[in-house]
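We begin with a single chain expressed as structure tokens, specifically the form predicted alone.
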């Protein structure tokens, strides 16, 4: 047994005493650890950059679509603080509980999809809820790894360690099963449903295929090589303690974490980043009811937006790339357009 703990020093000191195959395995193990760190860094940076980019965009056209969840007692009938006499002289009420009551059913159970597109819900819900369980599984692996570093045994022997042990297995097993079923069902729809044929891109097929591959490898690893996820927890433990050459114990577990690392880095670079960009949809478009007072931030942003040049191809706008929104909003509407509007 080598006496040196530093990974690089450890590799150098043990070089002469190791079999070439063992040395190669150690290098590959260290490379996988470095890849996992890099994937996590890409995830954090990509989310931060995309968040900043969206946050810096011009003011979006608000929907003013009621009910607005943070209206609290008025939300159930679609009411607004605008109903109050002299509302601009009164402090606005904001109900965080109301927002949570509106958001949690949507986030966890996809309520709107259930109400408006039931066939798609049966495909999409298992996929997303399975992913939520797998996020919980990853969190439990991290908690278990921290517990083991602190000297708490994570096993079936009882106590807090047993609770973590069994919750990890439940979250992982059901997470893999549900998400695989959902991903396969969604891919089947993309490949066979003529209704979505016109807006199915190769990226949709690739993304779902990548998920299915990673989830299938994870599930098979659980069934065949790591039924208690102790090896997976060991890998997380080696990550948080920076023991890059700690043996993983299974090639399947290594493949599993290689694919998961690729997903972690890839997802925020794609349209699947809606897992956090939905915040803007709800809070800056659908539910944003902040009043536009004179001299306010909103007034400044609207004034700025009116100066943007318009190049839309819609004929009723007559945008030529030189007119700005202020020009278009203030010019007289053509007689032809007015008559067309009357017909509708």
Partner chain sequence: MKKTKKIKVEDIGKANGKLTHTDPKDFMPLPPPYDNPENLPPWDPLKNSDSVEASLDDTIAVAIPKPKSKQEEEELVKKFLSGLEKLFTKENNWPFLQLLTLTMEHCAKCQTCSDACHIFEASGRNEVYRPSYRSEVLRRIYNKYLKPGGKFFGRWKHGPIDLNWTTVSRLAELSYRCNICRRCAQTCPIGVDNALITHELRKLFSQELGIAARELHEKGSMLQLRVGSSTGMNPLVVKDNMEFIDEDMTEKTGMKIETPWDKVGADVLLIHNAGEIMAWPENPGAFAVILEAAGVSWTLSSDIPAYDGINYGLWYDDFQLARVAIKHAQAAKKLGVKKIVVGECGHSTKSLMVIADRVLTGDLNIPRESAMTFLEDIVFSGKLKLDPSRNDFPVTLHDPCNMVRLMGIVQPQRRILKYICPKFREMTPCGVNNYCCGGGSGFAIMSGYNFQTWRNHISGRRKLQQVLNAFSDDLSPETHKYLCAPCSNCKGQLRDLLFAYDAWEKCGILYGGLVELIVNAMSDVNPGFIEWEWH
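Note that the coordinates shown come from a computational prediction; the quantities given were computed from them, not determined experimentally. Numbering follows the first chain given and starts at 1. What we label the rigid core is the largest C-alpha set whose atoms superpose within 1.5 Å from one form to the other.
Another form exists, predicted in complex with its partner chain; not displayed. Remarks below refer to it.
- Residue 112 belongs to the set of residues with a heavy atom inside 4.5 Å of its partner chain in the model of the complex.
- Using a 4.5 angstroms threshold between heavy atoms, residue 197 counts as touching its partner chain in the model of the complex.
- Though the partner is left out of this view, residue 83 does reach within 4.5 Å of its partner chain in the model of the complex, counting heavy atoms only.
- Using a 4.5 Å cutoff between non-hydrogen atoms, residue 250 does not count as a contact of its partner chain in the model of the complex.
- Across the options 156-164, 94-102, 197-205, 130-138, residues that bring heavy atoms within 4.5 Å of its partner chain in the model of the complex belong to 197-205.
- Taking a 4.5 Å heavy atom cutoff to its partner chain in the model of the complex, none of the residues in 223-261 make contact.
- Relative to the superposed core, residue 286 shifts its CA atom by less than 2 Å between this form and the one not shown.
- Residue 62 shows a C-alpha shift of 2 Å or greater between this form and the one not shown [criterion: core-superposed Cα displacement of 2 Å].
- Positional change of residue 78 between this form and the one not shown reaches 2 Å or more at the C-alpha, relative to the superposed core.
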